[in-house]
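Given as structure tokens, the chain that follows is alone and in the form predicted alone.
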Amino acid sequence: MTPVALIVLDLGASAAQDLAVVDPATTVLPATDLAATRGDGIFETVVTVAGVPQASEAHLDRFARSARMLDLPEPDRALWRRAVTTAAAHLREHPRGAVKYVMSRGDEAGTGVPTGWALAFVPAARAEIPAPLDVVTLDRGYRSDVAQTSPWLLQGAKTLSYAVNMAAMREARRRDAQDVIFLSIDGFVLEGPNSTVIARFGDRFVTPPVELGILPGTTQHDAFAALHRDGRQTQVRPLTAAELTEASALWLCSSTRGAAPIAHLDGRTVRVDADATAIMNHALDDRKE
């Protein structure tokens, strides 16, 4: 990742609510900010094409959803949109870039004023069609109804607390894999540490529902729209772990990677559907908003 520009938001009570463009190497986060001390905050990452944010409204929707789940102040949508577009403008010379925007609960002193910033950066280059992945399944440790029974666990919110997700990725590498699909303890497919699952069964493409305590997949949503335009059937429904072994093809979808096909799942070979992969990724790369 190569940082390009940093936008700092004033989320205080002042009417100005200005944005400040600073050098990305500038220190803007105090050691007492709850983002650093507790991981108490939310974020989104938006891909840009020649400086134009993709699926920006869907990301803002999810940002607001996460804020509500964490009892954070409702994001000023116009201000955050302006922060994203301001950051993205610094990426005009780059065919592909990204903007990560963050809101933390603020200082541990309890000022009640959140901290906000948006970082424009150039991610590691990826191929036009993502390389097939070797993936393992790991137990997430929750039942599939955790979002309803235990909302305080914040399943389905995009928070800064990523220690478990990073540990899962390290476990994948120990198993000679590149990524993970989490399973609930009662046998349902959830999501990856930073991705959404798509499975193909014959002519039907399936993804799990958010009611299982997973993030709404912005990339998956647009990938499904592309498949639908191509005459393919799509469905959102619970997907069991056993069904993964029966899938005709599998993908993990994320903003910066697109729709990445899975070549091996727990050591078992999975057929790579090059045609559907190309349909999804070409559509994702053509998004203009």
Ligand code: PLP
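Note that the coordinates shown come from a computational prediction; the quantities given were computed from them, not determined experimentally. Just count from 1 along the sequence shown to find any residue number.
Below, we refer to the form predicted together with this ligand, which is not included among the displayed structures.
None of the heavy atoms of I262 is located within 4.5 Å of this ligand in the predicted complex.
Although the partner is absent here, S56 sits far enough away that none of its heavy atoms falls within 4.5 Å of this ligand in the predicted complex.
A residue is said to contact a partner when one of its heavy atoms sits within 4.5 Å of a partner heavy atom; G192 meets this definition for this ligand in the predicted complex. Among residues of the shown chain, G106 is not one whose heavy atoms approach this ligand to within 4.5 Å in the predicted complex. Only one of 22-30, 65-73, 230-238, 252-260 places residue heavy atoms within 4.5 angstroms of this ligand in the predicted complex, namely 252-260. Scanning R200, K100, H90, K158 against this ligand in the predicted complex with a 4.5 Å heavy atom cut-off leaves one residue, K158.
Just one of V206, A147, L215, V84 comes within 4.5 Å of this ligand in the predicted complex, counting any heavy atom, and that one is L215.
Taken together, Y162, T196 and T219 are fully in contact with this ligand in the predicted complex: each brings a heavy atom within 4.5 Å. Taking this ligand as it sits in the predicted complex, the stretch 23-40 never comes within 4.5 angstroms of it through any non-hydrogen atom.
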